[in-house]
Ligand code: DGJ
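Heads up, the chain below is alone and in the form predicted on its own; it's given as structure tokens.
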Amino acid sequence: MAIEYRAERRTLTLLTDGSAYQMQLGALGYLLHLYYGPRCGDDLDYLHLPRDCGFSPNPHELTEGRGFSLDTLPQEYSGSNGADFRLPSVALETAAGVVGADLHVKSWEIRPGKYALAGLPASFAAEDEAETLAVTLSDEASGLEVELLYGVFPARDVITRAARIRNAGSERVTLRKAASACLDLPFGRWDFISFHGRHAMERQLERAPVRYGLQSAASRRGTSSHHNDPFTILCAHDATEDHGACYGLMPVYSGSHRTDVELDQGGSVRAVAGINPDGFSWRLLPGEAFETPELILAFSDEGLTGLSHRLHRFLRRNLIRGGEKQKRLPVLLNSWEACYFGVDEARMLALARGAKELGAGMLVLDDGWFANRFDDRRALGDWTVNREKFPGGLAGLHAKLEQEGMAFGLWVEPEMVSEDSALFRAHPDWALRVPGRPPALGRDQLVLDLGREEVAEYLHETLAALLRESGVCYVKWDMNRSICDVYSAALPPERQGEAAHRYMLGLYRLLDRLTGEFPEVLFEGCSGGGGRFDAGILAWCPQIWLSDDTDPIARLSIQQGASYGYPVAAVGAHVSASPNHQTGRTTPLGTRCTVAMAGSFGFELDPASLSEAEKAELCSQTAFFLRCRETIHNGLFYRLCAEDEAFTAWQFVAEDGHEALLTLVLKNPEANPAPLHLRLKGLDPAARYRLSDCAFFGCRNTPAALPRAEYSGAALLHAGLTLPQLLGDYPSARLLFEKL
């Protein structure tokens, strides 16, 4: 059993192979959090002794004993406007204007299998892979009930959480905040890791000690955003890649989010994560319910690497649907950086022939193929092919690509509309915008109100027809602006706080319908690159374009930041031209390949601009990626370097251990440098490994050959490996070890 109840202490314990999560049905019916960490086989209520703390109120029923206060006790889901002055998990307002919630346990139940959420992305499992604990809390004054849902995945070392909030009273209530989960850590010194950034420079790791007061990672942009990834980590102050306690908190949501972390007067840390409450409200009439997005929780006492491995494996196997399509799809060339809006049939066929020389097997037609789309100022929403550019339509282009032996992929941006478009002129009320106020434009476009059924239905019909006509096997689904001026013409004034979340529900319904109707098509998510790179989109899109910045040196920190929570297979990464279009930096071709290989691997350039030697090199690199794709995408990923080192080194170890790939990029070559020395990870110490491939790229010198072709696993793990000196502008190395 993954869930145990012990009546003597009234404890409920959630057990995974490597962790225990324990709560208690405490005094007066409060649900208290006791512990989350390594398995220890005991009831742990003895950790929380009675404590009289000044200015921390006591329940009315216990005024004779001042040792009990919600303000000092760890809880599973905190109420509001009561005796706990720390972060609330839920906030509501009744029809009479009463604000707050005082939550007591009403019932609990253990169920086989994994709970499901209606209309929201969530993890899945076979019935024998997971168990569900459902604990119902109630607020007697308002009639509100909160069903806390826990999904326990023992073999994955993961626990998922969500809340189903129901109005069981006789009058309406309005939710002002509805978090997915609360996690209290009453003891220890913790650091908060978040991933900030901006467009074209996403997921920059920030690690800081948890300080007294509040710290947050949040987005108000209507998307998970380039600026603050939803995924965060709480880790022990002394935790490293390989040692120390780490907790990962990953919302399965793509809209505005917030994770707050608070260190209180007694040294306890509380994290509350879910939908950003700023601008949010949700009206519940009697009998109605609201479900929060899921939160994935993972614990590791093997440092940040152990946490990453748990999350990578869980996302690949229990969240992402259709990931096997990645193994069947050929390497692609995307037309965007090759020709931007200057696409037409002749240009695409020329790109396809050039891509074939590089070993690619698919051409993706990016922006510029429809209506009068010659720049980014017009025509979004008018998804009819431009017959002047493509006389035979998309079907005709597809047929000609097939003759060239190339598969066909297509770019769309269905959630947007240009003011200069037939769609907007016909339905101006379909766009989100505040009445009486000129809307802000992002890339000269507005956002369609996907919360409206007629809008979602129009998009479904349009896109389904487009997919049937074109016969594509790959869709790049883009979304190129933050959402503001949030006001839905379809909602009454008292429900406008629901518009942003209804938008997300409409998007999820649309993705679910289309991926179900076109199971052979791989959908790649995109939002100006990494503006919506999150677990919610991954549920339908096995990979997401990580960043519009294709510069390989900038990509090192972007891709490394993503690796803490997200699997390598989810990362869209391409080899682009040099000098780079975003930064102007010049980098060696082999280094560009080395970085793109830690992702989906494709091309974002015009093959006609390459020399014959460059084409031959790229063809060889493509073949090497395809040979190692299973190890790269579905193996174990290791970060072998600190953020501030002069190089970035990554290692990929096949799941069955038969091979290991090591890549290194020198970011800052120095005169008279220290040796490039690394200790490998994840190898079998008792085995021997043969160096079957060793390549250096972009070196001004001729690196010395490694002195040996065979090593013991123990030597590589403990003594490490010293690489020859690499000189030049951003040189790189690639080493493949095969287990003997």
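If you're wondering where the values come from, they're calculated on a predicted model, not measured in any experiment. All residue numbers refer to positions in the sequence shown, first residue = 1.
Below: the form predicted in complex with the ligand, not depicted.
Shown here without its partner, the chain carries 624, 659 and 734, none of which come within 4.5 Å of the ligand in the predicted complex through any heavy atom. The partner is not drawn, yet in the predicted complex one stretch among 467 to 475, 446 to 454, 362 to 370, 211 to 219 has residues with heavy atoms inside 4.5 Å of the ligand: 362 to 370. Proximity of residue 282 to the ligand in the predicted complex falls outside the 4.5 Å heavy atom cutoff. Proximity of residue 545 to the ligand in the predicted complex: non-hydrogen atoms within 4.5 Å are present. The ligand is not shown here, but in the predicted complex it comes within 4.5 Å of a heavy atom of residue 529. Using a 4.5 angstroms limit between non-hydrogen atoms, residue 480 touches the ligand in the predicted complex. Interface residue among 503, 564, 336, 314 relative to the ligand in the predicted complex, by the heavy atom within 4.5 Å criterion: 336. With the partner omitted from this view, the residue of 108, 411, 247, 637 that lies near the ligand in the predicted complex is 411 [heavy atom within 4.5 Å].
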